[in-house]
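Below you will find one chain, with nothing else, as structure tokens; this is the form predicted alone, and questions on how it binds or moves follow later.
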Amino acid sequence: MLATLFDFPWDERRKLTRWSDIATAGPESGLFLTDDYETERRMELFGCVDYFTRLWNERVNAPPKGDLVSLLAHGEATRNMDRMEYLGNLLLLIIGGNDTTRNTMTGSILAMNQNPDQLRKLRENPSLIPSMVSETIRWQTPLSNMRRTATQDFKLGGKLIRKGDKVLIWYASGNRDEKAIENPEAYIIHRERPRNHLSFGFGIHRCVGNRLAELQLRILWEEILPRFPEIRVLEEPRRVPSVLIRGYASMPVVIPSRNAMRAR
């Protein structure tokens, strides 16, 4: 999907997931070859912006098209970006369009394994898929937090936040707030207001791709339900070691054949 949105060369599309992983990885991730992971990461991300600069130069010298690189290259507010601002925008789009939805896809399989009653309810009534998608996005909360910098002194909950203070907005905590969500620890696919969550942020910083993410997850489960009677998680998933990304490094599953299901 990212390759399509960027009109990125299809045979090299795996670079996008690599850059996304590298951008958020720490030294314990196993993605780096040396102990100097900061230098290694910086060099890989410079390679990312160099690659996209070539695409930019191709698109800026051609009539505007609908892909994201062309829109940035021809957009009045973005066509004069410097190299690092361009990289920042690229990483925002790459990480936002990869880690979040990818990990929520995995999280949806895990949620259904941990809550077989909800899976049974979904199979009996597939019209609940859109509601299930929203509940999974809340339950998963693929980005646990986002940082902001206070632009002025402000009192919140009796505490003084000073101008220049760095503030973490914990989406994962908000999505478990019992004052806003009934029984927030439970996974319930038929909630009355399933889109009442903070996983996409809020206000002017609300995720620009939120509808696309919901569409991808909805289509995924519209295809899973009729194709696979069962997807069984084999062991506890191995989590990504990150305070930002609530993701999965691995989660082995098995899909029994229909013959094996009938034999049981």
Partner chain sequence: MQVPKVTYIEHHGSEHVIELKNGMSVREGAVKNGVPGIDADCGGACACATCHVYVEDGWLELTGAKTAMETSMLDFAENAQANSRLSCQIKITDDLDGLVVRMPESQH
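Just so it is clear, the structure is predicted and the values come from calculations on it, not from any experiment. Numbering follows the first chain given and starts at 1.
Another form exists, predicted together with its partner chain; not displayed. Remarks below refer to it.
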Given that the partner is absent here, state which listed stretch (219-227, 22-30, 200-208, 55-63) has heavy atoms within 4.5 Å of its partner chain in the predicted complex.
200-208
At the 4.5 Å heavy atom threshold, is R41 in contact with its partner chain in the predicted complex?
no
Contact test in the predicted complex: R176 vs its partner chain, heavy atoms, 4.5 Å:
no
I'd like to know whether R123 contacts its partner chain in the predicted complex, with contact meaning heavy atoms within 4.5 angstroms.
no
Indicate whether R193 is a 4.5 Å heavy atom neighbour of its partner chain in the predicted complex.
yes
